[in-house]
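This document starts with one chain, in the form predicted on its own, laid out as structure tokens.
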């Protein structure tokens, strides 16, 4: 079982924690000096960098939230001058002010190393042909996995998203051995393969690394059965780095965290106090080596637990359980983070409807769909077919422009969504439809 960086990934816990402390102290000093946001936060809590003398002192430091990053749009959270930033990415969220992250040359070097470890843990080697079906753009997934695979020495096919028939043909002709995509897209590929009369046996795939959205165990089993591959779960957060924070080894007993680059905590979502090892709570990440936009105690809103026992694969780095839920009401579809509050803000700008809505998430033939039920304004007459068609099209176009997805829109009678509240705002049927 390959281990890309044996020195780090098999490091003794005491040695690793000493390295983490040294890097934590360095990053705390750096953000206090170079990022006004953190200096203000530290001063409000009456904390100075020299107060961090142990890893336990991490709990004294302030949290960082997605809202903080949006308030700092675009460059206020940067810790270096823009001339030192060689790459800029943005979140896949639906907000008017997205999260902007910048990378120095060192950041890109570290990023490639982190992803190379994740790929190696899944069994990918320099002899593999890696087919990347993530979007290449502001989304961090495509480029992050690409440069990690190149760092590993593998051959990379940057196919990006869409044109599924062509992707399948490329996998056949180019003899792709590793697939990188969202899990739902992998299942959609299976459906298209059936329609094309292409047997999975005609492919050369043997492993898949999936991310961008949750992958349940039943979903994993379907992918493995349909494609005849090993399917691994991977974790990344655009605000923190992107893919490469953690990923499963071939044993699939938790996602190995690159702890020399990320200091992780699990906190109680309500009290924000750190929880004991093994308990489920909200994942909080502090970057230890990020230069462009370092993060102190970033609240991911993802629910997980941490296991620091060595893995049977030989790695000693901590493992996180697969993320199956969030502390807020955000949902992920086709790799895009969508918050209901952002949908409401979008609908407020459209005439002839009420900002009353309900989202229904469904999975058909392995592909996720979003149906947006929207309540008509009282003055709208439902038999005015042309006006209703135009209104549906307006909502679809606005939704796509702001969020990047095209929903199915269903206009419903006035007052028919009065009983919809936070508890039933989003109906997720995907697990039942696998």
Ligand code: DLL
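Numbering follows the first chain given and starts at 1. Quick caveat, the model's predicted, so the values are computed rather than measured.
Although not depicted, the form predicted in complex with the named molecule is the subject of the following passage.
Participant: So in the predicted complex, does any heavy atom of residue 237 sit within 4.5 Å of the named molecule?
Facilitator: Judged by the heavy-atom cut-off of 4.5 Å, residue 237 is in contact with the named molecule in the predicted complex.
Participant: Please check if residue 326 has a heavy atom lying within 4.5 Å of any heavy atom of the named molecule in the predicted complex.
Facilitator: Contact check for residue 326: yes, within 4.5 Å of the named molecule in the predicted complex.
Participant: Using heavy atoms and a 4.5 Å limit, would one call residue 148 a contact residue for the named molecule in the predicted complex?
Facilitator: Contact check for residue 148: no, nothing within 4.5 Å of the named molecule in the predicted complex.
Participant: So in the predicted complex, does any heavy atom of residue 213 sit within 4.5 Å of the named molecule?
Facilitator: Looking in the predicted complex, residue contacts with the named molecule include residue 213, since a heavy atom lies within 4.5 Å.
Participant: Within 4.5 Å, heavy atoms only, which of 107, 233, 128, 259 is in contact with the named molecule in the predicted complex?
Facilitator: Contact check passes for 233.
Participant: Looking at 281, 242, 292, 208, which is the one with a non-hydrogen atom within 4.5 Å of the named molecule in the predicted complex?
Facilitator: Checked against the cut-off, the match is 242.
Participant: Among 330-338, 346-354, 263-271, 148-156, which stretch has residues whose heavy atoms lie within 4.5 Å of the named molecule in the predicted complex?
Facilitator: Only one stretch passes the 4.5 Å heavy-atom test: 330-338.
Participant: Who in 119-151 is close to the named molecule in the predicted complex, meaning a heavy atom within 4.5 Å?
Facilitator: Heavy-atom contacts within 4.5 Å come from 134, 139, 140, 141.
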